[in-house]
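Just one chain is shown here, as structure tokens, and it is the form predicted alone.
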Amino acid sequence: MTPKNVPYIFILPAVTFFLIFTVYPVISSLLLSFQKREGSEYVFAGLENYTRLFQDELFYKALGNTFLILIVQVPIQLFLAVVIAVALNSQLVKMKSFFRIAFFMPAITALVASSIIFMIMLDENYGLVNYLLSFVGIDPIAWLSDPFWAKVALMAAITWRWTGYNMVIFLAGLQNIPGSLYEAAEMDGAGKLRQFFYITVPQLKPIFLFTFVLSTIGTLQLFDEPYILTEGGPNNSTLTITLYLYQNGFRYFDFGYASAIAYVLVLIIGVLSWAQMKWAGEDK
């Protein structure tokens, strides 16, 4: 052992685990996407899985559901995160540490546990939500068995979980904005609303980009909530692309087709992330 090779010896275990559990599965999955199962063996199938995928109506259904959640839920989630972060950054709010922890707690709650809680609360016959709605004269809503309301329930569960997580990121960005900017704006007669749109929002542009990219990737990989709450139903109305990937791989054992779905999903995530950064002018 010499001073030159000691660092390589120290990182060898981490590199070994990375190659075995990350690089190898990625390459193996890529090769598997060009194969199909015949009997007990996998044989080379060329682009057959990808051709089948682009002719699969259920794949487009899952992709449409996923993009609907992305377009509707992510802006609502980030808007709420910004509002809460601005409120908790205000000098008028007391017990800031308590509220920060309270809003962040859903992010560290086990996904399975939180999804089961939502499933119990949204039960059509015995759920707490319908029970409370009955006090204002609203009939029971089929939260998990109606296609429209199932999407609403799914978006509500995702928003509840990840709003606090994004709030913490926005709060960190807010605390890095120099107070002198607000003081100068106030001396020039700018009100709180103008300060927010002309100082806070521009200064938070990198944070908006970061959270939007993270939320986009997270939504495109959405699995736990639809799997536990609705299993993709009713009538595939909450089937997401990752859940469809899981069904093909571990329910129908069509790993070649599932691998093809996975790489198309990687391509979509890459293109969307690049487009978001390019649109925001963060290409450098």
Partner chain sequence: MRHNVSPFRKTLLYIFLFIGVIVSVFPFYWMFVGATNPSGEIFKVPPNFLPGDYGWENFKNLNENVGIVRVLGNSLFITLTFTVLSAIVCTAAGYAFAKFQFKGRNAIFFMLLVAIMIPYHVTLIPLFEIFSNVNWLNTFQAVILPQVAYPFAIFLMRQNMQAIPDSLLEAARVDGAGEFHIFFRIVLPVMRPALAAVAIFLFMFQWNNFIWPLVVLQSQDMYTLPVALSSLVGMSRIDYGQVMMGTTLSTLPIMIFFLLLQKQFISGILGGSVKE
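Residue numbers count along the first chain shown, from 1. The structure presented is a predicted model; accordingly, all values stated were derived computationally and were not measured.
There is another form of the same protein, the form predicted together with its partner chain; it is not shown, and what comes next is about it.
With the partner omitted here, the residue from 242, 65, 216, 49 that has a non-hydrogen atom within 4.5 angstroms of its partner chain in the predicted complex is 242. This chain is drawn without its partner chain; in the predicted complex, the residue among 142, 152, 117, 209 with a heavy atom within 4.5 Å of it is 117. A residue is said to contact a partner when one of its heavy atoms sits within 4.5 Å of a partner heavy atom; residue 280 fails this definition for its partner chain in the predicted complex, lying far away. Contact annotation for residue 123: at least one heavy atom lies within 4.5 Å of its partner chain in the predicted complex. Contact annotation: residue 203 falls outside 4.5 Å of its partner chain in the predicted complex, judged by heavy atom distances.
Residue contact check for residue 55: none of its heavy atoms lie within 4.5 Å of its partner chain in the predicted complex. Proximity to its partner chain in the predicted complex holds for all of 17, 90 and 101, with the criterion being a heavy atom within 4.5 Å. Taking its partner chain as it sits in the predicted complex, the stretch 20-34 comes within 4.5 angstroms of it through a non-hydrogen atom at 20, 21, 22, 23, 24, 25, 26, 28, 29, 32.
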